[in-house]
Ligand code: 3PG
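Single chain ahead, by itself, as structure tokens, in the form predicted on its own.
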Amino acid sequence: MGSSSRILTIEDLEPENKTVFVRADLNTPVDPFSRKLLDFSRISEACVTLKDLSNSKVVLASHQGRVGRYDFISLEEHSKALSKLLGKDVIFIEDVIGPAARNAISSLSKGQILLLDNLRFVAEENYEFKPEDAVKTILIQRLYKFFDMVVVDAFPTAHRAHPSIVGFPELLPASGGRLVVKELKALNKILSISKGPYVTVLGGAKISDRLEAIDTLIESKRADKVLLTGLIANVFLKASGKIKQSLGIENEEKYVERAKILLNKYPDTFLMPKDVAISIDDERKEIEVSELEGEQKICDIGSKTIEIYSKIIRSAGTIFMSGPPGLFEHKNFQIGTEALLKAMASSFGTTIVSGGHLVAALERFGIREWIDHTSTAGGALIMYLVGKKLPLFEALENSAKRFSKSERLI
């Protein structure tokens, strides 16, 4: 279970007329075909903090996607969405730490917002550092002198010790943003009422994150049953010998070996799909897992699996779901995602839905208000639920001790 953090709030910083670096998480689901943004939840969430800094000079920064993936794009579209949501022009610059970025920061006037380009265009932001090493990075050294203070509002990235998360708070007064404070309060409330049996539904494409979380969730008694979907299910199906062919993913052997260890360690915990939906000429065809052959791509869970999983979900005391079961962006392969989310919505248990893709799906299906807690965070939320100390909160706590005489308990 997560614990309250002793961190500063925006009010403690007294940001009026100051230059404020805001590290948000605008990382947004991207359509793999058109490269357009699919959902504006995280961008909308960031606006709460930005509005409360309307009398400051704001330099906004975020990452988007991962190197080599289709969602690794510029933040130009994000700036247009922010401008529309805020009702004011958000300046965008195709630079992060170069002369153009630094000149733009120096030229800011009170009330203006400058959005830097994708932080991960700077190599260092793709790695994790100890705080004392993060401050030595070029990213931090080039930029920190331009700022009076830092507001960290990137809860979905709270479990990652990237320079922009842990470096700036070492050198400057730092507070949590409105989203961070809201998430802390909501999660502590949810955790106080949750009860077993605990069911976790895992899907999506981030295999390493899911594997990292599974062991922790089960060990901490937060997952009596784990229902596997998406790419993580394919890994476990191969580990159990039910899929023979290559999955065609990076680090496949390593992931499959890890899944074998988990299956041996917790033999009665995991449920895997009985049937799946594949794409034939862009149409949905459901087959048994045993019928899979060649290069057939699994795009969703099948009807039998949906029925089994839905029954378990509806009988649970607490249900946590992270990552969609299928390619929900495609109408033929959204059935699994919609069915499991609706099973959660109709459950009497405590329900938590995590990750930007699932929040987008809830909005699409019109059932977001039926879920007890929705968060655009994925891995960070999992780590918080099981009581792990997250780098973001450690950085904010240390900054509070270093730069404040009085600390506000959140």
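The first residue of the shown sequence is 1; numbering continues from there. Given the structure is predicted, the values throughout are model-derived calculations rather than measurements.
Although not depicted, the form predicted together with this ligand is the subject of the following passage.
No residue in the set K225, K274 and R314 has a non-hydrogen atom no more than 4.5 Å from this ligand in the predicted complex.
Contact with this ligand, judged by heavy atoms within 4.5 Å in the predicted complex, is confined among 140 to 148, 203 to 211, 181 to 189, 92 to 100 to 203 to 211. With the partner removed from view, the residue among S354, S56, T49, N27 that has a non-hydrogen atom within 4.5 Å of this ligand in the predicted complex turns out to be N27. This chain lacks the partner; the member of S175, T337, N234, T157 within 4.5 angstroms of this ligand in the predicted complex by a non-hydrogen atom is T157. Contact annotation for R120: at least one heavy atom lies within 4.5 Å of this ligand in the predicted complex. Heavy atoms of R35 never reach within 4.5 Å of this ligand in the predicted complex, leaving it off the interface. Looking at 31 to 49, the one residue that comes within 4.5 Å of this ligand in the predicted complex, counting any heavy atom, is R42.
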